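Below you will find one chain, with nothing else, as C-alpha cells; this is the form predicted on its own, and questions on how it binds or moves follow later.
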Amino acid sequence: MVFNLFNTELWSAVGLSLLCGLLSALLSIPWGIFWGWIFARKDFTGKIILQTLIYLPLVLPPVLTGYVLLMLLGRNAIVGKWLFDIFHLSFVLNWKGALLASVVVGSPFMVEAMRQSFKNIDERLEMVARGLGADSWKAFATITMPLARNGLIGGFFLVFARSIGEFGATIIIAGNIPNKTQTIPLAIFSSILNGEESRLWPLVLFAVIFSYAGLALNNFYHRQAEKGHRD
C-alpha cells in the first residue's frame, strides 16, 4: 500500500477541515456564552422548549439539518435570496456552507459547556463584586468569565472535534466538490467509493489525530474546571 501525500485534493480537504473546525469553534463562543448563561441563571416560561430547540442539532439526523439549512439559505429561498441580493452572500456549494454546517451542529456543545461552567460558579462571588462597586458587566468580565475559562476552552476543542467529523449537513448544503467544499469526511467517503486507498489512509489518520486531540483537550480542560470548582 502506497500513501500519496502529494495529492492536492488531500491537502485541500485537510486544510478546509482545519479552517472550518477553528472558525466554527470561534464563532460558537458568543452563542455559547449567551445561551449558556441564560440556561444556567434564568428561569422563565418555555425554557425547556427553547433549550431543547437550541440542542436539537445534537440529535437530528445531520442530513436533515443540512436539508433545513438548504431550504432556508438556498438561492431561491427567502432568507438565502435576501442574503445574496443584499450582501452577495451564499452558503450553497461553497466553503461557507461547510463552515455553517459545522457551526450549527457544533454550537450546542459550546452552549452546554458554558451552561455547566456558569452553573458551577458560586453566585456569591459576583454579588461581592457588585457590592464593591462593579456593575453587572464588569462583574461578569472580571469574575464570571475567568472562572468559566476552562469550560470555554474545553467547549472550543469539543466543537472543533465535532467539526472535523461533520459529514451529513455539509454534503447537503456545501456539496462534495474537490478542492472547494470537500472536507476530510467527504474526502474519505469519495476515496472509499472510488477505491483510492493511497488517499484514504492518510485522511483516516488525519481524522483520528485531529478528533482525538480535540476530545483529549476538551477532557483535560473539563477536568481542570471540575478541579477548580472543588477547590
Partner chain sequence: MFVRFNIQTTLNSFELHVSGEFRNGITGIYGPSGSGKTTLLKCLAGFITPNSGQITVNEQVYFSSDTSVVVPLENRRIAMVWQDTLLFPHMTVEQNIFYGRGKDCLASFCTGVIDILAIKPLLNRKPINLSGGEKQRVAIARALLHEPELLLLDEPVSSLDQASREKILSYLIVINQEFKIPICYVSHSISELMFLCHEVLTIERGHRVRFDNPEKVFINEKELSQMDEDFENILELPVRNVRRDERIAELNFGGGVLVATYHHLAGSAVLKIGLKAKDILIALEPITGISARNKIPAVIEKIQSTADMVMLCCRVNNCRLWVEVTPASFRELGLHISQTVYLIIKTRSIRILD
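Positions refer to the first chain, counted from 1. Remember, predicted model here, so these are calculated numbers, not experimental data.
One more form of this protein exists, namely the form predicted in complex with its partner chain; it is left out here, but the text below deals with it.
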property	result
Touches its partner chain in the model of the complex: V128 (any heavy atom, 4.5 Å)	yes
is_contact(L99, its partner chain) in the model of the complex, heavy atom dist at most 4.5 Å	no
is_contact(T142, its partner chain) in the model of the complex, heavy atom dist at most 4.5 Å	yes
Partner proximity in the model of the complex: R75 to its partner chain, non-hydrogen atom cutoff 4.5 Å	no
Among 154-162, 100-108, 116-124, 75-83, the region lying within 4.5 Å of its partner chain in the model of the complex by heavy atom distance	116-124
In the model of the complex, the residue from L93, A134, M71, L89 that sits within 4.5 Å of its partner chain by heavy atoms	A134
Residues of 194-221 having any heavy atom within 4.5 Å of its partner chain in the model of the complex, listed in sequence order	none
